[in-house]
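What follows is a single chain, given as structure tokens, in the form predicted on its own.
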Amino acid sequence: MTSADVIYNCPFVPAEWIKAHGLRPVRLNPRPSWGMHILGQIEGICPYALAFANHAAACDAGLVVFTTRCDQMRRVYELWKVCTGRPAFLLNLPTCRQSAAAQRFYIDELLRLGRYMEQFGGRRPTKPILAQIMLQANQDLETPVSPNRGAVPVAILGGPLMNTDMVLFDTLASGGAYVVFDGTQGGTRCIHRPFDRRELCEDPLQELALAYLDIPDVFFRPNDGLYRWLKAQIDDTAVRGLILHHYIWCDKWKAECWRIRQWLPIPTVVLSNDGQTGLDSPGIRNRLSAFLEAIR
């Protein structure tokens, strides 16, 4: 890590905006054990939010960006300011994304972030520079991998996974399953749509904002975009079952689980993550094994 690195974890922090300021975006996939001495173990705090702050504090970076996407991250930002005294920025996000006022609010927040980054060595980007970076991002978008026809096609949906939680994919593979789409915070659901080349010539920042606000998420009100995305994924794949993951502190995903299970035409299983036991525990393995056997 260097002073030119900007650490973040929220998908609504545009990496292209950071690059356009001459800084390096680092989207952190936190380890729960990193830097536990910095903020410590605090009761009532989401383990993922705490892991992100501790891991970020253990890194020698110039700036850390938090967002108001969830109350837990907002609280961790406050703790960060008190416990570390290091630079951090809180990006306010609109809850309702459809209106022109919400879009303007998001753009204003990105401009505010830009001014803050300029204080830490960033440069104010021109429209051509931002447009060029966005065009490169279009080329870098990943192409989905074809499913393995010899395994049970399943999908994952829900909140973020910590670095150690990635063992879930190994557990599914060892059980004879294949993940056809990943709807967690680090998966394909949170990759912005391709930028419109025509709009880049007129106003690249507005196109950047609109593309990121199109990311379907549970925290938006209404969150019907999440269900449209989920339906499209199910229609386009041969998925047989869905794994719903949430931390026990995450009210938004926890509340949405019941609605999703009622709405989905395929079997689901809910994994409640306490952030400590791990997703490779015998109990989780047994539940997943039984679930895969039922949908095989």
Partner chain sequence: MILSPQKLTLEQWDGHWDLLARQGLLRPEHCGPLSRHVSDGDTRLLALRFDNSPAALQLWNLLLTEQDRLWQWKEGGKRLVGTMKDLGTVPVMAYSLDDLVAFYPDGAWWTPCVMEMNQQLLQIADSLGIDESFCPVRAMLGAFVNRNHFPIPDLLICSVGATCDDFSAIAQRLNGLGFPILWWEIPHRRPPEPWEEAVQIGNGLVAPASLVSLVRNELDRVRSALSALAGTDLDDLKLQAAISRANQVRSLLASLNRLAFTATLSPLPALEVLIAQMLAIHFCSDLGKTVDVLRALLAQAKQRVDAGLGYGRPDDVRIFWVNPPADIKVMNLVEDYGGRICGTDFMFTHALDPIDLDLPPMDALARIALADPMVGPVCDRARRIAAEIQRFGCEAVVVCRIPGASHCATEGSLIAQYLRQTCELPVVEVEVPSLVDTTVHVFENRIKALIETAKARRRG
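Given the structure is predicted, the values throughout are model-derived calculations rather than measurements. Positions refer to the first chain, counted from 1.
What follows is about the form predicted together with the partner chain, which we do not show.
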Touches the partner chain in the predicted bound form: Ala58 (any heavy atom, 4.5 Å): no
Going by a heavy atom distance of 4.5 Å, is Asp71 a contact of the partner chain in the predicted bound form? yes
Partner contact for Ile191 in the predicted bound form: the partner chain, 4.5 angstroms, heavy atom: no
Ala209 versus the partner chain, in the predicted bound form: is there a non-hydrogen atom within 4.5 Å? no
Taking the partner chain in the predicted bound form as the reference, which of Arg27, Arg31, Arg240, Lys252 has a non-hydrogen atom within 4.5 Å? Lys252
Of Ile45, Ile38, Val270, Ile234, which residue is found within 4.5 angstroms of the partner chain in the predicted bound form when only non-hydrogen atoms are counted? Ile45
Pick from 171-179, 132-140, 198-206, 97-105: which stretch has a heavy atom within 4.5 Å of the partner chain in the predicted bound form? 97-105
Quick one: in the predicted bound form, does every one of Leu90, Glu256 and Arg259 get a heavy atom within 4.5 Å of the partner chain? yes
Considering only 204-229, what residues come within 4.5 Å of the partner chain in the predicted bound form, judged by heavy atoms? Phe220, Arg221, Pro222, Asn223
